[in-house]
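Next up: a single chain in structure tokens, the form predicted on its own.
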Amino acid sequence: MANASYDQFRESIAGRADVEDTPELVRYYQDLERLQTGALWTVANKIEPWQPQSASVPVLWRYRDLREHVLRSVDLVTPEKAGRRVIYLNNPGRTDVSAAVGWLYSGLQVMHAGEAASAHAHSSSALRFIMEGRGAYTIVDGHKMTLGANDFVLTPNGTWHEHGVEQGGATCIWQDGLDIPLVNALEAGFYAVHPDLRQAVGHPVDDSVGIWGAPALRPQNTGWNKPYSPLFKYQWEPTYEALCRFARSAAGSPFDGHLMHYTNPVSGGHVMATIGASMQRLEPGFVGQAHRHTGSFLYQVAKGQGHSIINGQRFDWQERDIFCVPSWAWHEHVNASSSEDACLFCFSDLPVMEKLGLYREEAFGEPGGRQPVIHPT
């Protein structure tokens, strides 16, 4: 089929097959509906699109706008009554499932010094990325981790976990990331509260870092056969140092600069079965080329400032801002500073895309690989 004919064919069946709604067909459709069935040709292009058509839209959540409201919740509800004192991020295209982007949920949680939430477990996998404060901790299946700014901690699916802030600490805010929408879509969600409301700490504090945190070294006779990383806490300082060493040693990606994935030290794979995470460094003056890929990605600015262009819309970001890139959306990142680098933390459903064989990526084809800005900020 010639290209012109092929394009005409695609255009002719856009939305549905080219079948005229005769009175007989309308009656036929009504008969099918009464039997809880339908004719595929009426919905074919809706349920099998030519390419991904995300319902999510690009969004930038500015921390300077959110922080006051997050802190205000402290005076309005307690962790005991609220369960979790969280302000969740809502994507205008995904309000039916309370998702930040795609099948990923995110929110900002706040705790005062001396507060602690009850221990619980659920089917959803989760992570926390610390934004500000002092004295935060998380306990996962008896392993206690102390947490500082830009650290992130895993609470994998099915694990007992709880969070709090030590007495003598300072009010802490962190970003939660979970696959709640995905688990609910699969109708596989369970939730349980610990029978004692608190779990005992059965290991030395920060033992997971002591055992599994040495780069390129694996401890002997320490077995681990669970589908998530035994290194529950990933610290900011060694992460940033690794990024800087990477930048001094090799050229980065034209799309993402110097990007490194957080990994399971046992398998070398993603930290959890359904959620992956990464940190990338954009050197001063970095101007990324545009590309797109399947999967939903949620970014937090860990350091610096810059902007991203997502499907032709420019979003200017600074430290602690959060923004999302929906599946198959063109995007590029820019650090316009001539002296300061910028770092972006990201979590995504990349492990799901890869396991199911659904990951696909392509570069923007225009000269220079840059998108035109068609929607000003």
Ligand code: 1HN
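These numbers were taken from a predicted model, which means no experiment stands behind them. Residues carry their position along the shown sequence, with the first being 1.
Keep in mind that the form predicted in complex with the ligand is missing from the display, and what follows is about it.
Review point. Is it true that Tyr105, Gln109 and Asp176 each have at least one non-hydrogen atom within 4.5 Å of the ligand in the model of the complex?
Key: Every listed residue reaches the ligand in the model of the complex, so yes.
Check your understanding: Among 83 to 91, 301 to 309, 262 to 270, 129 to 137, which stretch sits within 4.5 Å of the ligand in the model of the complex, heavy atoms only?
Key -> Partner-contacting stretch among the options: 83 to 91.
Review point. Closest heavy atom of His161 to the ligand in the model of the complex, within 4.5 Å or not?
Key: Although the ligand is absent here, His161 would touch it in the model of the complex, with heavy atoms inside 4.5 Å.
Review point. Does the ligand get within 4.5 angstroms of any non-hydrogen atom of Arg292 in the model of the complex?
Key: Close contact is absent here: in the model of the complex, Arg292 is far from the ligand, nothing within 4.5 Å, heavy atoms only.
Review point. Taking heavy atoms only, is Cys172 within 4.5 angstroms of the ligand in the model of the complex?
Key: It does not: once the ligand is placed as it appears in the model of the complex, Cys172 has no heavy atom within 4.5 Å of it.
Exercise for review: Evaluate Lys144 for contact with the ligand in the model of the complex, applying a 4.5 angstroms cut-off between non-hydrogen atoms, and reply yes or no.
Suggested key: Lys144 lies outside the contact set for the ligand.
Review point. Since exactly one of Met279, Ile275, Ile180, Leu231 fits, which has a heavy atom within 4.5 Å of the ligand in the model of the complex?
Key: Going through each option in turn, the one that passes is Ile180.
Point to revise | Contacts with the ligand in the model of the complex, stretch 120 to 153 (heavy atom within 4.5 Å) | key: Sequence-ordered list: His120, His122, Arg128.
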